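A single chain, nothing else alongside it, follows as structure tokens in the form predicted on its own.
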């Protein structure tokens, strides 16, 4: 497609800050989102695996993974908003065209996701004691929830993949010269690419399990925690198996993806980012194997952040692929997007993200961390309580300035 036609589809209002800011934020927030998705899918699979078993350890693990699945589903939806916004700001000609071509599925995405979340909640509300009973109520709800979550993931995969193929847009919109305005067709997809990112759920949730078994060791003997050394050893071993198996599977699927790249994307198969991603995955698995002999030490906690670094590297590689296609092949340069600098919105975003969000998340993490390792009733320390007060006041101040600016603009 003529690059001038792509430029003509841009928002004439321009962007409120330099495009590089949106590129960086898009990569960071997508990495956070996909990590939440992978933990959610891994936790959901472990929940179902345990819920359908009569084995005591599996059911105990299912009881722990069920709330993780529910929470991560909410977090994945919440974190998915930001990268979506950043993509549609600087890649709007591609993103909106892809959405219009498959509009029926864009609308259906919301409906399907809502049903999947409700089914997850139905299973959660009916199975809060999986570890202490052999009965599982309505397992079909969790099965269908996982299936529907895979469907919505596939829809999003198609929408992001179609935007990389502008040379095919006209043939999709008017096949054989006949206009198709239904929006009911998913026109292009890459199964190995989709499966690659889904398969990462195995090593990522494996890293979670390695940290999980270390986290609960201080509560051995606490009847309220229902933990035993044998159970935690089993969880750690399972986590290591998932990291090893998932790592090998992801590398295999990644190779399949590279071998099936369309002509406009073949440059990526031998690019530096492909090799960096491969080496990073192998190093992650190797590091986890080293931690195998240090499961009862603080090194067990390091597996998850090392996995987070891997996800960030893969997010950068994914963006490098998109940049290489849209700029290298089609000549579309996001860096020359018209800039209408808006200092207020830019500053408020970073203040909200780093200060308000940072304080609030820090307080929640501190409370959850100490509460989970405390036998009996947990009472936050004075320092943690102070962090909570700061977080609360930051939210109040944000709301005050939000309405104050709104009224100021309205009065003008």
Ligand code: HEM
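Residue numbers count along the first chain shown, from 1. Please read all numbers here as calculations on a predicted model, not as lab measurements.
There is another form of this protein, the form predicted in complex with ligand HEM, and it is not shown here; the text below is about that form.
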**Prompt:** Which single stretch, out of 57 to 65, 339 to 347, 376 to 384, 35 to 43, brings residue heavy atoms within 4.5 Å of ligand HEM in the predicted bound form?
**Reply:** 35 to 43
**Message:** Given that ligand HEM is not shown alongside this chain, does residue 291 nevertheless sit within 4.5 Å of it in the predicted bound form, heavy atom to heavy atom?
**Reply:** no
**Asked** Using 4.5 Å between non-hydrogen atoms, is residue 252 touching ligand HEM in the predicted bound form?
**Response** no
**Asked** Does ligand HEM come within 4.5 Å of any heavy atom of residue 271 in the predicted bound form?
**Response** no
**Message:** Using a 4.5 angstroms cut-off on non-hydrogen atoms, would residue 187 count as touching ligand HEM in the predicted bound form?
**Reply:** no
**Message:** Counting heavy atoms only and using a 4.5 Å cut-off, do 18, 312 and 316 all touch ligand HEM in the predicted bound form?
**Reply:** no
**Request:** Tell me, out of 83, 131, 211, 108, which residue has a non-hydrogen atom within 4.5 angstroms of ligand HEM in the predicted bound form.
**Result:** 83
**Item:** Proximity to ligand HEM in the predicted bound form, single hit among 280, 160, 136, 97 (heavy atom within 4.5 Å)
**Value:** 160
**Request:** Scan 187 to 220 and write down, in order along the chain, each residue with a heavy atom lying within 4.5 Å of ligand HEM in the predicted bound form.
**Result:** 193, 194, 197, 198
